[in-house]
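Shown here is one chain on its own, the form predicted alone, set out as structure tokens.
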Amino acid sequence: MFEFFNENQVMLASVAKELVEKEIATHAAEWDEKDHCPTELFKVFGQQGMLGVFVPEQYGGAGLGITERSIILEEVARHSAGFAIALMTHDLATAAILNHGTEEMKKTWLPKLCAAEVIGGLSVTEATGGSDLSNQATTIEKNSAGYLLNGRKVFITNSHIANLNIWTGTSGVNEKGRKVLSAILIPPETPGLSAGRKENKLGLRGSITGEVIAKDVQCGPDSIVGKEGKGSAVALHTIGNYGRSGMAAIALGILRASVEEAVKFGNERIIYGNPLSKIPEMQAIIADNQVEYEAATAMLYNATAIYDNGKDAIPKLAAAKYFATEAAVRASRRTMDLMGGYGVINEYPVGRFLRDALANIPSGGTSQIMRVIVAGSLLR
């Protein structure tokens, strides 16, 4: 455990690790193979106070920060990065309401999200591209009953299990004639909202990803999250802070798992009468994995501490997400190399680590987009 964690954070990591080893560790390979999301565990995490930990106590949360959320997600991703992204996305709906919703939204939905009485989803990405918010085809039209939503979202985590959804869509044009977005809350059992295609992913299996379709979805007059026409700000703040810190935390879990698997195999595998770990080249693999894990950890938890202290952390979170997700690919590949033929046998988890690491990169913004954000912050 890293020295910059305080006593309560160390305790949280220990409790989260115990919960994960009990509920997730022995099932992760099966969930990956069957691409099954254990939705029943949402309530288990809710009962343990591990959903929406950044939500103030008055709304049913633990009153902590995204640092503590990242600690939990790292522990989950150590065994199941797939289920970690399902929990992470649930928290995105929570964050959007907490930071941008009305007081009535907060009182109504935050306690339910923290207790997993509802499962949250955030639907932003469209076929035209996830980062191109200005080109969304989804429409949010004001009418006498409130707002009418029509559109199709793709690559949405929790697509088939979320029953409380935050959507973005075009709601008009600004004074320059450019499209503006609004964000809207769709309560459970709202008619017209349905799940479409379910994607068969390379990695992050254990979560459900697919299409969500809105056909004449009528939402009430008080359903806008934030201000009308300010949906881009809602999406960018939520994804930039909560999405990317979550993806980086998931990458940390994969990195740590790769370190531990390399050490375990290196000590147990005997070659020429000695453990594999006695070979200098194998020690170099283990060392490189550990160095990248420590670097990614320092980057992420420095950035989350900045955000939790009320300062702008977008560029640093983008940097952490970029470095950690790419490092997770390198580390899992190194561990596979260390294991030789065993590394490609699915009896061992390293193949899952590599697939999860690869699938983790585009989530919440590709590495190229992260570099644009980091460079842009410096050039400005």
Partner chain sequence: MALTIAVCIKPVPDSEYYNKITIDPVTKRLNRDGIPTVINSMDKNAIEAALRLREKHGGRVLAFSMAPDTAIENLKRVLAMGVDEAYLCSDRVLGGADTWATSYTLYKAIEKTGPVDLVIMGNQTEDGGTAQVPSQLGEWMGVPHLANVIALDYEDGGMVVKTKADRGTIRYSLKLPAVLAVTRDCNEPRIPSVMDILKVGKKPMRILRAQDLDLNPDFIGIKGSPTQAGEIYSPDMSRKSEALVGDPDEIALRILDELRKAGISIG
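The structure displayed is predicted, hence computed values, not measured ones. Numbering follows the first chain given and starts at 1.
FYI, the form predicted in complex with its partner chain isn't displayed, but the following is about it.
Put simply, Met339 is far from its partner chain in the predicted complex: not one heavy atom of it is within 4.5 Å. For the chain shown alone, Ala29 is not a contact residue for its partner chain in the predicted complex, no non-hydrogen atom being within 4.5 angstroms. At the 4.5 Å threshold, heavy atoms of Ser14 reach its partner chain in the predicted complex. The closest heavy atom approach of Gly49 to its partner chain in the predicted complex falls within 4.5 Å.
Here the chain stands by itself, but in the predicted complex one stretch of 351 to 359, 327 to 335, 34 to 42, 50 to 58, 50 to 58, has heavy atoms within 4.5 Å of its partner chain. In the predicted complex, no residue of 79 to 106 lies within 4.5 Å of its partner chain by any heavy atom.
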